[in-house]
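What follows is one chain in structure tokens, specifically the form predicted alone.
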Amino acid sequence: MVRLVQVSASYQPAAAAGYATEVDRVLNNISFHIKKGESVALIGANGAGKTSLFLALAGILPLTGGSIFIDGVALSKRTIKTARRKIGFVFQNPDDQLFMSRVYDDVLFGLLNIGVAEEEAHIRVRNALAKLGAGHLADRSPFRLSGGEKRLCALAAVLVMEPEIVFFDEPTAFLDPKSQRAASEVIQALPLTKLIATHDLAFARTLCDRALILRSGSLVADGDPATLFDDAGNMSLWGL
């Protein structure tokens, strides 16, 4: 479903007058394969490369080496539009996704933007909100919702597009314990392929089949979360 083969990527800082610039490599020869239906945690300290990996998967951060395959098709300028139809991103800060005056319109926006017929679009919006138990929020302003409610609405705006793969960036960050439990239950119930960047090891252990651990832009471990997280020596070595 998602396959990376020796993926590398770098940021090139803007040149200062009269000085050569240094390339800041953020991903180093990363290879892994996520099968259809798998839930995989992406673990790493701040600066380990989790966000850069998501940007590469979205086709935003250009690769300096290797290849990314989405459902068997290599990601490229020619294929990126089709690939993005299969991928959904749920950002760490839902305010980055919610911008309309009404939740319903936020969830509807993406469908109308890609040309879905209006009648079908409205049906899909109502269904997406209902599946997440967020139908009662449809006419609310997203700017007057709690953190947990915003996360649900941002997720509805992604799910309404019917992606096959969803990438979550810290889905339980800054939530109170009750909202964390609710978010965990919703994510766990989704019958989709999931890659979840998180610092919450208990969350990863409960929801994910595998864990990928990044350090300094390199993949340093790939395996069962319980086994990886119970190794205190390696956890320390990985900076976790």
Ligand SMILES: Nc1ncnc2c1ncn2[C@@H]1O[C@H](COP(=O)(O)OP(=O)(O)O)[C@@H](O)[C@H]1O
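Everything numeric here is computed off the predicted structure, so don't read it as measured data. From 1 onward, residues are counted along the sequence shown.
As for the form predicted in complex with the ligand, it is not shown, yet the points below apply to it.
Of the heavy atoms in residue 211, none are within 4.5 Å of the ligand in the predicted bound form. In the predicted bound form, the ligand sits within 4.5 Å of a heavy atom belonging to residue 26.
The ligand is not drawn, but in the predicted bound form it has a heavy atom within 4.5 Å of residue 49.
Among heavy atoms of residue 173, none comes within 4.5 Å of the ligand in the predicted bound form. The partner is absent here; in the predicted bound form, the one residue of 45, 190, 58, 202 having a heavy atom within 4.5 Å of the ligand is 45. Of the stretches 174-182, 64-72, 28-36, 49-57, only 49-57 has residues with a heavy atom within 4.5 Å of the ligand in the predicted bound form.
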